[in-house]
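Here's a solo chain for you in structure tokens, the form predicted on its own.
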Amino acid sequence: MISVKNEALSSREYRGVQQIVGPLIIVDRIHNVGFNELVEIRTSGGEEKLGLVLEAGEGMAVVQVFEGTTGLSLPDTSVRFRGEALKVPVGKEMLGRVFDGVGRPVDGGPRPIADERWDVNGVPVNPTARTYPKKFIQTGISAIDGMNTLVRGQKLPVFSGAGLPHNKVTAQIVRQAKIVGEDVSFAIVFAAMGVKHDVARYFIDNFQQTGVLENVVLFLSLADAPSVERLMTPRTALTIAEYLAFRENMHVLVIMTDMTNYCEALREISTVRGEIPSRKSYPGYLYSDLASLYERAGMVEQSTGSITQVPILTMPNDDISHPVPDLTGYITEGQIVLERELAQRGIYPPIAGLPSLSRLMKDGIGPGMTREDHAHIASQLFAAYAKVKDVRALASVIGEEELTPLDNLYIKYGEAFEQQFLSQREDEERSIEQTLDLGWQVISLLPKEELQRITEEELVKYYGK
């Protein structure tokens, strides 16, 4: 917590800094300041920049500068500590707007006029005040809705790799995500960190052309922006989401891409500060830092709104045991994994059938939410596809001509599952009924006696229909 200061201290300006190291400046001979305190920095030419206290000690502070330290000099730089944390204006007027990583408009529009400004670091939620996520969010993508269902209030990351179409999948989720069967307000907060200019333009144009931008708050921290800004982008986005969810009682889907870029920025700042590195040179507090973001999802008592998170992250060298996906998997409730082999075979979206998992799926499906057969058909699709993997491995050893007739049926099912159920066009939106019917269509390629996870009543009602 930042202590309250009188106006004399908050307006006091210090001239000259002790040291400039990358995006950091070190200031000494100052009054005692607080961690995460906002700082105004003025260059010798009069340019103003913003910074944040990263480390505070007796009469000194380490400040990270949002716009970078270019143009700063040791004797001529002026520093003023604001006596408060970084706050952003919040309001429904921010829907349909595009901002940079710290909430400044980049769409040519004016700064939003808001009655309130909220601390970007959020307010800790008492765990006992949380309510359990239980209701379904439809993305229109069969591989997610049918097999790895997204539940309102859940944290469900997407694990991707370099060159895989995670940006297309992300944009499709933004365009198609909705709550079905309820008359509720729904919004999307989109945060992009370290993305290239062409990727940022792709997202903006895509959302504008499809008409969804008016229901989206877009935060873009580009690849050429200072790494410090990249660290603030998800916090700024989550602050707006908290306002919309818990003050305006809206259901908010927060999409953050790419969390690996965020972690790279965290590692860069940690290295500049001279901290002792942990796994692959990431700071030892990477887990708790990620948790401080992911745990801002959920639902709380006395509010009808919710925050659902879909963080997107790229796995270096497709390594799912890399610290970023590894720690993310511990904090979140499942993962959607994009598979390179499927992508190379032209299947979009290339969502892997077996490594993907939604741990809260069981609580968000069934009668009154999706359909009564959802749990059983999803389980059967998983089980049959696992058998397909075994049969394909066997065929690679003994040859397909040596397979049994039943094995050949599984091969046929596997092709249908991938080409018809998993694969869909980028502009194709499927309802949950269409997804489940398609699941029954492909599973009906197998004989009834192989379907051990489905009830007799469901077989009579749906098999072969």
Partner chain sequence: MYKVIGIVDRVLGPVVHARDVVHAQMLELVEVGEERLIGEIVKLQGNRISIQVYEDTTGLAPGASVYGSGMPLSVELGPGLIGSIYDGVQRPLETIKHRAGQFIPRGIKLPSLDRERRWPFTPAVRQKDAVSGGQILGTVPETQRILHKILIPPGLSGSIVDIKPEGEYTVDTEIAVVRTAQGDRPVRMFHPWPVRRGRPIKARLPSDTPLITGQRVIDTLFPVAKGGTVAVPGGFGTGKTMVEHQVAKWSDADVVVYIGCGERGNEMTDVLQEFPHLIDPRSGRPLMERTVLIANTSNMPVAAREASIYTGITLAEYFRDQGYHVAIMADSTSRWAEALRELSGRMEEMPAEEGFPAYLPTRLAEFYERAGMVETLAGEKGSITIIGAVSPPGGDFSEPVTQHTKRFIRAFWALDRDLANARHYPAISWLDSYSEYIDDVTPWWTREGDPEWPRFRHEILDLLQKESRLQQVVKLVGADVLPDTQRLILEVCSLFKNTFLQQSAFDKVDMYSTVPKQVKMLKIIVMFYRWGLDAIQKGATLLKLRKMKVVSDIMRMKFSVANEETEKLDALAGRLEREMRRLGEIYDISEK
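Numbering follows the first chain given and starts at 1. Rigid core: the largest C-alpha set superposing within 1.5 Å between the two forms. This one's a predicted model, so the numbers in the text were calculated from it and none came from an experiment.
The following text describes the form predicted in complex with its partner chain, which does not appear among the structures shown.
Relative to its partner chain in the predicted complex, residues A85, A383 and E449 are all within 4.5 Å by at least one heavy atom. Proximity of H251 to its partner chain in the predicted complex: non-hydrogen atoms within 4.5 Å are absent; the residue sits far from the partner. Of the heavy atoms in N317, none are within 4.5 Å of its partner chain in the predicted complex. At a distance threshold of 4.5 angstroms between non-hydrogen atoms, I276 is in contact with its partner chain in the predicted complex. Taking the partner from elsewhere, N32 is found to have a heavy atom lying within 4.5 Å of its partner chain in the predicted complex. Of the residues given (S78, N215, S185, S292), S292 alone sits with a heavy atom within 4.5 Å of its partner chain in the predicted complex. This chain is drawn without its partner chain; in the predicted complex, the residue among G146, G103, G194, P133 with a heavy atom within 4.5 Å of it is P133. The stretch that touches its partner chain in the predicted complex, counting heavy atoms within 4.5 Å, is 354-362, out of 354-362, 94-102, 173-181, 228-236.
Residues of 139-159 that come within 4.5 Å of its partner chain in the predicted complex, judged by any heavy atom, are N148, G153, K155, F159 in sequence order. Core-aligned CA deviation for V388 between the shown form and the other one: 2 Å or greater.
Here I20 does not count as shifted, since its C-alpha moves by less than 2 Å between the shown form and the other one after the core is aligned.
With the core held fixed between the shown form and the other one, I30 has its Cα displaced by under 2 Å.
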